[in-house]
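Take a look at the structure tokens below, where one protein chain is shown in two forms, each on its own, as structure 1 and structure 2.
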Structure 1
């Protein structure tokens, strides 16, 4: 006698997906508000309105859920960053985009998720490597964005793009984390302003990209 497929399989799958989303959303909010130390199975499950056993059913562990939350935030920001840098063809344009996104990240609490996970890595074996894996793609993203902004510019053949991209990611993350910790945006805003001035000088002295004549660098 042939085995019939379960008629509730699509429903169960949909419910499972909804539960996973609720748990990821709850984990993200908990990391932002209470940090890694406060992100327990009970707290997250209560916020999501589900049994905490479902965390282990869907993610194997609380750490697995927290990494899924970091992944969700990273994926959403990757889309936003990609949209923001699309069509940017000058160093000054890149600085403007970075300044805007920096503010967005702080306002939405995205940085707090990363800060919480990095702090948790100090006491959780193996977590540091997993967080580092999730930061690595941002270096590649920065490299592509910088290369695009310097394409056709004399600076593009002089600057070591890979090293610059690494430095940019390290600086950007460092600024976000420090600003998240002390709440003072002044130093970061001043640094972005300085970066904009430097980008303008690079464009004015031979660093302009196609479509951005040096004469327009200060406009």
Structure 2
């Protein structure tokens, strides 16, 4: 791993930065399209158009690069989540935002990266722990969205937030796997619109949540 980006040669680090960026991008794409088992040093390096050995210089190992790719996706998503939640006031609005953002995640392949890394963790000692850390943004976001939607609903007493959040994240991972398997995004899409219906139903039962207009954001 290159350590010092010392004062006298900023141009040299430029080239390194470019290489690292290309590798992370290629690694992400490879994880999405070929999964963990298909993400070898040679395949990724070819895709990035760089020498295969650079992976070990810049990231120590293939797994190191894959974790960097997961980092990039996770951080980008955490930022996106923060932005999206900022403009929301009502519980129903939160549900709308959450479903559309999660749909975005599935579509763009962010969940595919997660799935690939989790399944890869089974074969690589110590990887599981590292991956677990990086799932925090997703879990936290799910918990926030659900917590907002559940309070004021009669279901709030029978459905603990943590359990529902766990179930939602699991549901996402599973939907991604099934979608990859048969190449059909249809069932997953159908579940999204269904989620909106159900959430509306729950809210209607609850009634007296503060600041609750009839309908918020579209779709």
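Take the two forms, find the largest set of C-alpha atoms that superpose within 1.5 Å, and that set is the rigid core. Numbering follows the first chain given and starts at 1. Quick caveat, the model's predicted, so the values are computed rather than measured.
Of the two forms shown, structure 1 is the one predicted on its own, while structure 2 is not. In a rigid-core overlay of the protein, residue 86 has its C-alpha displaced by under 2 Å between structures 1 and 2. The Cα shift for residue 178 between structures 1 and 2, taken after rigid core superposition, is 2 angstroms or larger. In this overlay on the rigid core, residue 43 has a C-alpha that sits less than 2 Å away from its partner position between structures 1 and 2.
In the core-aligned comparison between structures 1 and 2, the Cα atom of residue 136 sits 2.9 Å away from its counterpart.
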